[in-house]
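For this one, two forms of the same chain are given in structure tokens, first as structure 1 and then as structure 2.
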Structure 1
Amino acid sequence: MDELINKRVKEVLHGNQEAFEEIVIHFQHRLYQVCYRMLNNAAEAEDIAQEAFVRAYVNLETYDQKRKFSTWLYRIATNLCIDRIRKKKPDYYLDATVPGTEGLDMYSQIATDHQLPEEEVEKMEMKDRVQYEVNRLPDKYRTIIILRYMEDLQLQEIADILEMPLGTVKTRVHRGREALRQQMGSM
């Protein structure tokens, strides 16, 4: 078979363009299969296989007839496949609508560090409510809750600041949390 292919290559080089058609017919299915396995897309595999034959035809004078034609042709096709994979654009666009939704686009699917305005308002309202309820706590609990949860101090630091035993600080943190939980009850 290689002898027949080399004969057809010589004919093409001497001006017989129809001889290349036989080469294409001989390799088209196998070349398409190679491209399809690399790209996993039928339309792209057809395009790349066709482009490989065009490049082989245009550059046929660079083919070394001492080597197998199929190896040279497959090398062209695999290089084109690798180029396509590298340059491939995503299959989705941010402006495209999300299937099964009304009016949602892909932008809405992107994770963001920013909260929605409604969430920010809810968070601010919650902070205000917590601050109000903390201020309603008895002094002995309020101070410890503020130092522990709002100033993020360790229990030992609070004990040192308030000059009281660590056990007393722990007890007041626990009782302060319970009092705050009862005050906020419905939240």
Structure 2
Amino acid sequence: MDELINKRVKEVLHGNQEAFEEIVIHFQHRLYQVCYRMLNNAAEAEDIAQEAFVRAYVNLETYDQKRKFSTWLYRIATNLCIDRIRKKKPDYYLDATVPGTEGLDMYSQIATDHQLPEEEVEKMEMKDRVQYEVNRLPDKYRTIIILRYMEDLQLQEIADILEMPLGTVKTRVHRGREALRQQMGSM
């Protein structure tokens, strides 16, 4: 499959725009899904996933064909999602410590921002609950948990997408998983 994709990439680079359509058809669902899970909004997910393909097209010459195309594409999409999430909260820096909270940063504040009353959470359908809990995760765990479990990617591929050491990805998967366990409580 990777070979076929790289063949299409070469065709696009030689000026055949239609070959790009095949690439879009092949990756549309995976890329849309990751955006949807990250943003929790269908219209935004469509916009950002489409934008990711446009950026891939415009910057195709910078793609290193020795690497996996999907890794590169996921990187563009997750970066766009993170930008979009941050733009929605423009008034503070996410890493800044919240005064008087003994080192809690804004990530933890955001996680608690959209917390619903317990009785509402208990009434949710499980699929909505899963999405709700993912969105409550701090940013740095959320992306990794989505890539690991909803996109079913290997740890090394996630490290390549996020340009992060494998050890960091492992630690964040552990912490993200532990955070979800606690959020879910006794189901």
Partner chain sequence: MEKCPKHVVHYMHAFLDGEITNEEEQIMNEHLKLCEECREIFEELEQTVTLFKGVDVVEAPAGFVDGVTARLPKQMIKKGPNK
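Basically, rigid core = biggest C-alpha set you can superpose within 1.5 Å across the two forms. Just so we're on the same page, residue numbers count up from 1 along structure 1's sequence. The structure displayed is predicted, hence computed values, not measured ones.
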Looking at both copies of this chain, which one is the form predicted on its own? 1
After superposing the rigid core, is the C-alpha displacement of N59 2 Å or more between the two structures? no
When you overlay the rigid core, is the Cα of A19 off by 2 Å or more between the two structures? no
Honestly, after the rigid core fit, is Q50 moving at least 2 Å at Cα between the two structures? no
Core superposition result - C-alpha of L162, shift between the two structures, Å: 75.3
